[in-house]
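In the block that follows, a single chain appears as structure tokens, in the form predicted on its own.
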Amino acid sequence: MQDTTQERLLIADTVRKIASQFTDQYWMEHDEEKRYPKDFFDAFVEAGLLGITIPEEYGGMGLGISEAGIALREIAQSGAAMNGCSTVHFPLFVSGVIVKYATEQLKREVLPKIVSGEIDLCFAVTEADAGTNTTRIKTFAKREGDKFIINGRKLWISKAQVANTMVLLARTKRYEDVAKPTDGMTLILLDLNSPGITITPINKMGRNAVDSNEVFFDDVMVAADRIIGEEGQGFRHILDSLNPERVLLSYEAIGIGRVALQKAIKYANERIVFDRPIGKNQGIQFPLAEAHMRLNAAELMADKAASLCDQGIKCGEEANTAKYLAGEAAFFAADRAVQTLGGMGYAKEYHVERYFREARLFRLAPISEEMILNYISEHVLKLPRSY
């Protein structure tokens, strides 16, 4: 991102200063202990940074995805990587759905509390038997008068252990009862302290300071006025959050790639073998130069996608392309960092193995590279649908 506006320069500088207080050692320990970095989250709340994309009338900054991307890039590049980004990721894009579709009453109740950190959000769409085929979700919210009764389960829900509020996508009409597969889904704002909710953590390869979970709903009751937008139109509403999320994740990936590259360059300049720094060898130089170029190219596409998002222009191609290129670039940079450090790259004390583990996730979630290629093939190149 070319941080040329005063707001962008200020955000980059503010985030850099906050993030610099939390060292690689801090993140390594939190990752190993699976301990949520609450003090890191609180520092960003205190700086008002959870409100970057929330309008000023609700206590936010009234800025866009471009500025939120800068913040997340700086967090990742500080060495916090995904463990740091995931603490603040959800308020920056999920709040957009609330801003656009919630009732004025709900917006005035919820948005200022997101900015203040009183409401900590998680987002629940994915299910085990649906995957990326969201139309096949089975979690069902049955309307009974002025309330819904929710039953079902969600998978890979980040922050459910520490968040207190969930934006939930559930069916309010069965798949077999709708004219279009995308009909009959509704977004619901749900208090995670409601009776009937069970949250089970998933053991995973990386980003262990921020939990991932399976969440079960057993006759969970929620008032009907907690829906976001129009009943039955939830799928269309979440489409407005998918592209911004992919853009933000692109910046996170770029930040991880950059910090991994910085570690590799430093090591290559300092490590002496055969009486010379290993950075003199083109076998070391060329992959690091390539990593640098890949990250720059990915960021240019992320900048374009973010700009389109902020202007309200369709950006499916750009957002998906940015996500794909950034994921590839981050993984390449992290992999080359491990290779540059050799055996030390495999050691936790040098931290690049943590970047490597977290960079790998960008090629899988929240949408895989293969599904992005499907999207580009069908919607951009106009090739026949393959699935």
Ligand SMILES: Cc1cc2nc3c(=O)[nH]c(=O)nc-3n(C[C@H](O)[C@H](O)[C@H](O)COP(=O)(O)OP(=O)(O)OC[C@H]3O[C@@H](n4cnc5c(N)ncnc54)[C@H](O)[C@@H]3O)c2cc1C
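The first residue of the sequence shown is number 1, and the count goes up from there. All values derive from a computational prediction rather than experimental measurement.
Same protein, other form: the form predicted together with this ligand, not shown, and the subject of what follows.
Colleague: Whether Tyr26, Gln262 and Ile265 jointly form a contact site for this ligand in the predicted bound form is the question; each needs a heavy atom within 4.5 Å.
Modeller: Checked in the predicted bound form: no contact with this ligand for any of the three.
Colleague: Pick from Gly131, Gly196, Gly232, Gly316: which has a non-hydrogen atom within 4.5 Å of this ligand in the predicted bound form?
Modeller: Contact residue from the list: Gly131.
Colleague: Consider the chain as shown here, without its partner, and state which of Asn269, Thr200, Thr182, Thr126 has a heavy atom within 4.5 Å of this ligand in the predicted bound form.
Modeller: Checking each option against this ligand in the predicted bound form, the one that comes within 4.5 Å is Thr126.
Colleague: Residues in which of 111 to 119, 306 to 314, 250 to 258, 154 to 162 have heavy atoms within 4.5 Å of this ligand in the predicted bound form?
Modeller: Going by heavy atoms within 4.5 Å, the stretch is 154 to 162.
Colleague: Find out whether any non-hydrogen atom of Arg226 is located within 4.5 angstroms of this ligand in the predicted bound form, and reply yes or no.
Modeller: Answer no; every heavy atom of Arg226 is more than 4.5 Å from this ligand in the predicted bound form.
Colleague: Mark Ser377 yes when one of its heavy atoms lies within 4.5 Å of a heavy atom of this ligand in the predicted bound form, and no otherwise.
Modeller: So Ser377 does not count as contacting this ligand.
Colleague: Can any non-hydrogen atom of Met371 be found within 4.5 angstroms of this ligand in the predicted bound form?
Modeller: Contact with this ligand, yes.
Colleague: Any chance Leu9 has a heavy atom within 4.5 Å of this ligand in the predicted bound form?
Modeller: Taking the distances in the predicted bound form, the answer for Leu9 is no, it never comes within 4.5 Å of this ligand.
Colleague: Taking this ligand in the predicted bound form, which residues of 83 to 108 have any heavy atom within 4.5 Å of it?
Modeller: Counting only heavy atoms within 4.5 Å of this ligand in the predicted bound form, the single contacting residue of 83 to 108 is Phe90.
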